[in-house]
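Read the single chain below, which is given as structure tokens and is the form predicted on its own.
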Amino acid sequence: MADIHAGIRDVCQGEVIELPRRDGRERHFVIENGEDLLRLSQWASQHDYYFCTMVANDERLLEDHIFKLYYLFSAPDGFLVTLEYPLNDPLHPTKYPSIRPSFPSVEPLEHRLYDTFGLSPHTGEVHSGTLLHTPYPPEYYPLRQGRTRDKLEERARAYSPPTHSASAIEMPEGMLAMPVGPIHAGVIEAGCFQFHLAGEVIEEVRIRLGYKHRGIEKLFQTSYTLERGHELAERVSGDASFAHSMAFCHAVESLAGVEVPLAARYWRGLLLELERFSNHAGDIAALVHDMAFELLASELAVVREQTLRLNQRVCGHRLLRGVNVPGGVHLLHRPHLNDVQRTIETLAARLLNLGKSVLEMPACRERMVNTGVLTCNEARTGGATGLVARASGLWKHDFRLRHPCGVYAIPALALADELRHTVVLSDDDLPSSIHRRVPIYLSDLQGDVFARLALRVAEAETSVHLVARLVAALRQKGGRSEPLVVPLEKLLRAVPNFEYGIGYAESWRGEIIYWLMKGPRNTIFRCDLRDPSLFNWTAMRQAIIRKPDPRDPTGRRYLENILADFPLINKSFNLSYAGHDL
């Protein structure tokens, strides 16, 4: 595997400084030459580095008095690599070189940073209004230092947005533009989809989000401390409450340089898998409902409801809120492990039996196969993540395997073995010690709706196996006298101000990443978070639009979806509006 140091030696011409990191799984480099940043990004793309996120930080009141960008990459050798780029050009203090040619997935982050910081690439390939729409004043830039909540609110109240309506979109002859949203007919969040139709075939779709912007990152900086920020993190995206709070807690614990007690790691792993199982069950039910198999859908919905009730019994909240705290977990009472194991096994049997029936039903396969295809190449170049990427053939893209932490990093539990066999390469590849009731083969993962549904069934089964192992581990080692929380307040106060920590968790949608910088008195100077939906909205558009079929060597066949396919494709992704809009 290519080491980042080799890349720096091979392509960088200017000075590159490596800074120490407390976590041995991280690397941090300062690159002041923009051309070196572009060359190293191209090298990273060629050597299978995955672009995780880009963080902007206003450090004009700190030592260097400039804006800085932090690019985070996932390396194939298991390291998290940060490239720090200072915007130190006095003539262009808000401009930076774009790595978009090497990593196109950076585009939505560049639009977001333009709205929130006023930073833009030298090429000028960004526009305002992606996150902050026309009701916000121009040059609002709420995440710049010194722009307090009171000043921002006063400026927003004094601004009168333009009242003119949007101009009509010119369409080729015979084409129709059909807008859907932002307000929809169901109990879902707001988002606008403008379809360009040729007859019923979707030629193009423009997706506009931002209607659910709540100023989450500003709230972290102005209203929460490192010890209390998990309370906001678990409200970023409700159906991934536990994963978001877990990622935030990991970032705080990384800053403090501590590892939570063993029993707390077991509980975190168990509850994360319960969250994954319940959401996959709900998505399977919703997909079956969209195919008009109401009886099957209702039975699957009961499985999700019973899992949420199990969550309530375990920790007092259906969405697993109030459990994660920096330093460990807080449980109102020690749950009955027999109840957890018995319930999840019963629910798993129902889910897998129903899921297998759906996957084998000819009418369902006819509806799902070759619908909403996201090719492997599109998933790779567009930065798709989580289940969406795995369903397109990138089956190893899982932060539980790529960057194991917590229970996933404990060799004795061997959770990685279960994770690696979620997708079966062949019957001979499956060890006799691992039994799959609904085996999903790599050949099934063609990036269509069927692949995403099949993988949900497979991942739900894997979660049940992981829960069983964690329940057994808690019985053996998680004694009642073992503490579940390490106090962090004093440890955090000893950490120098303006140090940063990175936390992540593989949620049921994909990896959630928190980048957290400590301020004075354990305040939060900067909190940047990246939900998997940010990248996967772009992937969903690619799955919808008309395009040549890469499996056809003649180039005459096209992958097409009609308007009636959109609800099914949309549900097969099931992305978070709130996780994108922040």
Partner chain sequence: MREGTEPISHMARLLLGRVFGLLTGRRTLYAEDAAARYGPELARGRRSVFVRHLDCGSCNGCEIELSALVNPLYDIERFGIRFEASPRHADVLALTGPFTRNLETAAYLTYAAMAEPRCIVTIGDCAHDGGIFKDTYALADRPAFLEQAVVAHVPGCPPTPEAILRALAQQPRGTG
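Residue numbers count along the first chain shown, from 1. Keep in mind that this is a model prediction, so the values were computed, not measured.
The same protein also has a form predicted in complex with its partner chain, omitted here; what follows describes it.
Enquirer: What I'd like checked is whether 55, 364 and 402 together line its partner chain in the model of the complex, meaning each has a non-hydrogen atom within 4.5 Å of it.
Expert: So, no: the whole triplet misses its partner chain.
Enquirer: Mind telling me which stretch in 336-344, 462-470, 92-100, 206-214 gets its heavy atoms within 4.5 Å of its partner chain in the model of the complex?
Expert: It is the stretch 206-214.
Enquirer: Answer with yes or no whether residue 125 is in contact with its partner chain in the model of the complex, where contact means some heavy atom within 4.5 Å.
Expert: Outside the cut-off, so no.
Enquirer: With a 4.5 Å heavy atom cut-off, would you call residue 434 a contact of its partner chain in the model of the complex?
Expert: Output for residue 434 is no: heavy atoms all beyond 4.5 Å of its partner chain.
Enquirer: Contact between residue 186 and its partner chain in the model of the complex at 4.5 Å, heavy atoms?
Expert: Flag for residue 186 set to yes.
Enquirer: Quick check on residue 578: any heavy atom within 4.5 Å of its partner chain in the model of the complex?
Expert: Looking in the model of the complex, residue contacts with its partner chain include residue 578, since a heavy atom lies within 4.5 Å.
Enquirer: Only one of 325, 486, 413, 131 has a non-hydrogen atom within 4.5 angstroms of its partner chain in the model of the complex; which is it?
Expert: Here the answer is residue option 131.
Enquirer: Select from the listed residues 474, 359, 197, 308 the one whose heavy atoms reach within 4.5 Å of its partner chain in the model of the complex.
Expert: Of 474, 359, 197, 308, the residue with a heavy atom within 4.5 Å of its partner chain in the model of the complex is 308.
Enquirer: Taking heavy atoms and a 4.5 Å limit, what residues of 303-329 are near its partner chain in the model of the complex?
Expert: Residues within 4.5 Å: 304, 305, 306, 308, 309, 317, 318, 319, 321.
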